[in-house]
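Next up: just one chain, as structure tokens, the form predicted alone.
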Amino acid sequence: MPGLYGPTITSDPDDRGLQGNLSLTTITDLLQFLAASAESGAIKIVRHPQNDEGMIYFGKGQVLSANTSERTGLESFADMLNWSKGSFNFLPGITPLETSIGLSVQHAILEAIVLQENLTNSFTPNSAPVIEKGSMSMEQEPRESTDVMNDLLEISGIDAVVVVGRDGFVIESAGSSARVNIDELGASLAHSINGIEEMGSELNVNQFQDMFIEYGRAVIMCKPVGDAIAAIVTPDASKLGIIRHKTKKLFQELGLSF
């Protein structure tokens, strides 16, 4: 007889499927793991100590639907990504009655992060500008490039950050990567970007914005910052969507220094 969410799940303790504690992993990492394993089904989540319950349905690398007792769709998915205490249980083969999200795992996570930030900003009063003593400037002084690059390194998944001049010489770098030689990256990157910008000019498709290069051992993401080029090195593409979102403002800030 079908259960509440689909086929009945056996209560045999040796056949309870993938399950665990949210204090040891995150829902984001769990979804990425299941997507990489080409699994389909649902994750039943119970938040502690509130005992709130939620379901996330996914299949073929996509988040299909999500719901909690109070929300459905992307809002409930975004809410559950913040649950840090509780338990989860993977229920293979279960499908939702309808698709309310229908995005790739990375895209759904990115959209959930954006939604969370928008909701937070909408309930945060605008702070008054701080006027420094002895100055009539209403704007905060730009930070040193070293501080911005260190903030980039704190983003999960980023091994190294490098700023390269158009001549191929490394201007500044932070972090390290066993996968990529930073000095050689500088020369290669400048040569490649110059060619890409020339192609963009010939095609009349406006200025170069960003580029992602995926290799077997590393992924390189680069963007123009001022008159230079900034690049980050990450082991793989599994967190690229989140990295791209979290680095956007930091890259803009970094451009003020170059």
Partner chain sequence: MTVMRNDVVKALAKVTVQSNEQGLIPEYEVLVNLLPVSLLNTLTERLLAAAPDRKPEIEAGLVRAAYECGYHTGCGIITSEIFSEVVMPMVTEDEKDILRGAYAAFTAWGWAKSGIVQLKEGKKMIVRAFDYYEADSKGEGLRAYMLQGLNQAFFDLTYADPYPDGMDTFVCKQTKGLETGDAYGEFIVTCK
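Residue numbers count along the first chain shown, from 1. Computed from a prediction, not measured in an experiment: that's the story for all the values here.
The protein also exists as the form predicted in complex with its partner chain; that form is not presented, and the subsequent description refers to it.
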**Asked** With the partner left out of view, is Arg166 within 4.5 angstroms of its partner chain in the model of the complex by any non-hydrogen atom?
**Response** yes
**Asked** Should Glu202 be classed as touching its partner chain in the model of the complex when contacts are defined as heavy atoms within 4.5 Å?
**Response** no
**Request:** Find out whether any non-hydrogen atom of Ser76 is located within 4.5 angstroms of its partner chain in the model of the complex, and reply yes or no.
**Result:** no
**Message:** Residue-level contact is defined here as any heavy atom of the residue lying within 4.5 Å of its partner chain in the model of the complex; does Thr146 satisfy this criterion?
**Reply:** yes
**Message:** Can you tell me which of 150 to 158, 169 to 177, 110 to 118, 83 to 91 lies within 4.5 Å of its partner chain in the model of the complex, counting heavy atoms only?
**Reply:** 169 to 177
**Item:** Contact residue in the model of the complex, from Leu64, Ala35, Ile220, Ala190 (heavy atom within 4.5 Å of its partner chain)
**Value:** Ala190
**Message:** Just to make sure I understand: among 189 to 227, which residues lie within 4.5 Å of its partner chain in the model of the complex, judging by heavy atoms?
**Reply:** Ala190, His191, Asn194, Glu198, Asp227
